[in-house]
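Consider the single chain below, provided in structure tokens and representing the form predicted alone.
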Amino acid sequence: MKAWTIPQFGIEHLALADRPEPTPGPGQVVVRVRAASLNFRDLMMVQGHYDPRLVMGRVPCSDGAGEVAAIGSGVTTLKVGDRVIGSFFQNWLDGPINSSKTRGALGGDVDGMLQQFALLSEAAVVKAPAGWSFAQAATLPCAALTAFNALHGGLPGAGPAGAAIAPGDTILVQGTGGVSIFALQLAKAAGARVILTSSSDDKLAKAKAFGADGLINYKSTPDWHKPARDLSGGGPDLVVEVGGAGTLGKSISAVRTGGTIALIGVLAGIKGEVDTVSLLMRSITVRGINVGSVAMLRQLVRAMEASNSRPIIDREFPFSAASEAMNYMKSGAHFGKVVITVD
């Protein structure tokens, strides 16, 4: 089979390699991968910015969808031909996160989905939403699940600390990448109002067409936290924070007293000062989001099927153009998800 690998860091060094087709052991399945979607983590992994100690030769990409090609002994929940997606964390099946559950992450600890056949644990494979294309299904395991976890805490009625949103809540979403657009879609499906920020007026116009209620260009309005508070009547209930250290200060200033910041990304840096006085005096919850469990992924699939919504895919690349897809994502030109079809 063919697999893209990281023989050394850098998009220009991605290499298409020949590897033996895997054979499933007890409790394992082999998935014939039909599509893989890109996340910022994948780009950082390939560039060497995420894990400098990454084992060379690793197959990248956290997300993928396909059909079951073979099953090992003891597999009872899946059969050959089932259309499925692989969970990002192969060991986080359910319950609260801990260090052991975060081991076995696809495209990092173990080989990812940018290959023709992937060996996965039966317990960490979820059936794809009915009627979805492979490209659509491939967008769910990381970006969509991260947004779902940020908005709902992965559990119905999770409460304020779990950031379970309710109809009428106001959500501030930063940017128009995969997580952000899923957060927009999921928040609107839950009956919330959404304020969205971007540096591009064109992308803001697209976001409005998909339901965004308030739009802020953070490039022309550097103090975007001020209109965010005005548009939400005193501050959003939840901020989906994808910038990291570079934007966290303004998110703290924007969110309402007693509100929540779901800290997801590091697009604007990893180091910076935090206004701990505001966090304390205004009782703000900052909740780190690290994708989600297999159980949450199943909840997400049910939620997407119930809402009858579909992922927003910016562009699809062929398997042979994996490097081109990575460079396109690096450019930041995308609105929604970037997908690689696997032939």
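Not measured: the values here are computed from a predicted model. Residue positions are given as counts along the sequence shown, with the first one as 1.
Missing here is the form predicted together with a small molecule; even so, the following discussion is about that form.
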Wondering, does I264 line up within 4.5 Å of the small molecule in the predicted complex on heavy atoms?
yes
is_contact(M326, the small molecule) in the predicted complex, heavy atom dist at most 4.5 Å
no
In the predicted complex, does S293 come within 4.5 Å of the small molecule, counting heavy atoms only?
no
With heavy atoms only and a cut-off of 4.5 Å, decide whether S198 touches the small molecule in the predicted complex.
yes
Based on heavy atom distances of 4.5 Å or less, which listed stretch (240-248, 123-131, 70-78, 98-106) is in contact with the small molecule in the predicted complex?
240-248
Listed residue that, although the small molecule is not shown, lies within 4.5 Å of it in the predicted complex (heavy atoms), from A35, I289, V29, M304:
I289
Since exactly one of M281, M44, V274, M56 fits, which has a heavy atom within 4.5 Å of the small molecule in the predicted complex?
M44
